[in-house]
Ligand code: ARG
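Shown below, as structure tokens, is a lone chain in the form predicted on its own; questions about how it binds or moves come after it.
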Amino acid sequence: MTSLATELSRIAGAAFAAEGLPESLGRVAASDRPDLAQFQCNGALAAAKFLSGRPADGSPAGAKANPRAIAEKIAARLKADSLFSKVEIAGPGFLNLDLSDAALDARAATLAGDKTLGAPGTGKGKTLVLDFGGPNIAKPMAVHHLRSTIIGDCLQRLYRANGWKVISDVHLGDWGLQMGQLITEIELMGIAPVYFDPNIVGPYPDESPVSMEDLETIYPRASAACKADPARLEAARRATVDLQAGRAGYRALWRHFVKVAEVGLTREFGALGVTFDLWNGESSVDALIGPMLEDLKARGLTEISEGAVVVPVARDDDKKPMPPLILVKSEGGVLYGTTDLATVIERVRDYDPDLILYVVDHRQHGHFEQVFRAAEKANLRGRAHLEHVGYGTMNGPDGKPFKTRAGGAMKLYDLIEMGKAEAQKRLAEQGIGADYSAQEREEIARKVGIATIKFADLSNHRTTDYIFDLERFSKFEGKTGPYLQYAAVRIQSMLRKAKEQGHQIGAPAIHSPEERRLILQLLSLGDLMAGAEEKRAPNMLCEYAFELAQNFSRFYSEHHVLSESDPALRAARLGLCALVLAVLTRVLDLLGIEVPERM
């Protein structure tokens, strides 16, 4: 269904057009002062500027127009529409608009019957490739992977709900120096000599010589050794080049790394309820790199700089130096920029997307600017708009990146387990689930723990750093995930009781200011989803859900529902409760938060 703001903008736009003014001036939005009006239109002020700047016939400049006089003409046209219960002019020409309760009731009934709950359909006919997650296969997922994972997942849910065709790609880090570090460390350990004999080209063992637990120990040791010893680092670099060049033993060992890493990655992503359409890695575009380099060289787009092959991407209007994008290092290895540029080619070839979003730490912005400029310069991006969706860091109480008590990097799995344990503690404090089965309590704790972690992150604007406080974010009051889950569960419980008591659920209808406030917010969901999409801002969904829960709480504290003696009024209020539940559950689902059946 068409959003309420869109419908009102169309009506107001027609009024402006009838006065010989651009229809776009009729844009209507929710009022900045809800105590004065439900909606506002400020087009009369822009219309005055438009008319004042337009020369009259035979004169050098247009006569100065009066915005309030224009507003009066528009107001007169709008007052003729029974949709409005109030059309007022404020200040120099602002239009304040209220809708009639009958109009709001009719649109609430339509919303209740809409399976999409007013989703805006902004992505109809459009394709998005969404790059997020991005773990390295050589090491376990850590807390710093959390933000990319859950911000990216929220965006893929939102864009799909808005009608986009979404292809999400985890884009594994599986082709860089860390692979050479692992390979050389395993060779030094002497545990798998068959992979290092240049005279053997296969077949190689089906069983991996290392487990994920082994990699968790081997990689830090290899990385530290390379930092301490230049010769050791050079050996790792040579191994990386040989791997990328196709050395059989190295490729076989690398495939084992990928396979064993998938076990841990599947566990972590699965625990967060996150799925991907593609499990590609940097290595997926290996076959495209050679032809891409030849094409760029043939078109004169590359240069040699200190032995490396680069693409200059600096522009005349740059306010600070912009280094070139390095494609091939002097020793012959390729870098992240090389695989990222080739990945653009692959995605454009396979999906012809309108938009490619990269949900990656904001500290990588310079890297993506280089890649995007190179893609633009080489005409590789097709029709796609390339955008880096950056985010800040998740910090501990000390304001520094979140770590274990011992000061080390915390594994993501450990954080998830901490969230579940804290949820169990909170449930016990609230006396929730004492008579449930152990299995059900465990399942509720899982959902509450994940909600705690996700809402804590997503409720902050993605570009900001934030302090993660597990104790505060796990509470059942305040702006938290558990509070919203509990609000939804309470409505579920009430609707179950209504069914058991044989009460009918009718169409929502306004009989009080609290009901009007709720219905106005419910009807704004489509605009909210469109705005969150445009700004890539999951925190807008969090704010909406929290405000909806608060508005419902005010309504519930002021009105009888199950105890209402008037059947028609009770049915209307139950219908409103059902619609609030549907919308709240939908927004929580966009955030990746599940609602338990009971709590």
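For every residue, the number given is its place in the sequence shown, counted from 1. Owing to the predicted nature of the structure, the values given are computational and were not obtained by experimental measurement.
If you look for the form predicted in complex with arginine (ARG), you will not find it shown, but the lines that follow are about it.
S.K.: Looking at 248-256, 522-530, 360-368, 320-328, which one sits within 4.5 Å of arginine (ARG) in the model of the complex if you count heavy atoms only?
M.R.: Answer to the contact question: 360-368.
S.K.: Can you pick the one in H171, R462, R107, K454 that has a heavy atom within 4.5 Å of arginine (ARG) in the model of the complex?
M.R.: Going through each option in turn, the one that passes is H171.
S.K.: Since exactly one of N96, Q424, N136, T393 fits, which has a heavy atom within 4.5 Å of arginine (ARG) in the model of the complex?
M.R.: For this set of options, the contacting one is N136.
S.K.: Quick one: D131, H145 and Y336 and arginine (ARG) in the model of the complex, is every residue within 4.5 Å by at least one heavy atom?
M.R.: Yes, the whole trio is in contact, each within 4.5 Å by some heavy atom.
S.K.: Please tell me whether any heavy atom belonging to E282 falls inside 4.5 Å of a heavy atom of arginine (ARG), as the geometry stands in the model of the complex.
M.R.: Within the cut-off, so yes.
S.K.: Report yes if any heavy atom of E268 sits within 4.5 Å of a heavy atom of arginine (ARG) in the model of the complex; otherwise report no.
M.R.: It does not: once arginine (ARG) is placed as it appears in the model of the complex, E268 has no heavy atom within 4.5 Å of it.
S.K.: So, D340 and arginine (ARG): in the model of the complex, are they within 4.5 Å at any heavy atom pair?
M.R.: Answer yes; at least one heavy atom of D340 falls within 4.5 Å of arginine (ARG) in the model of the complex.
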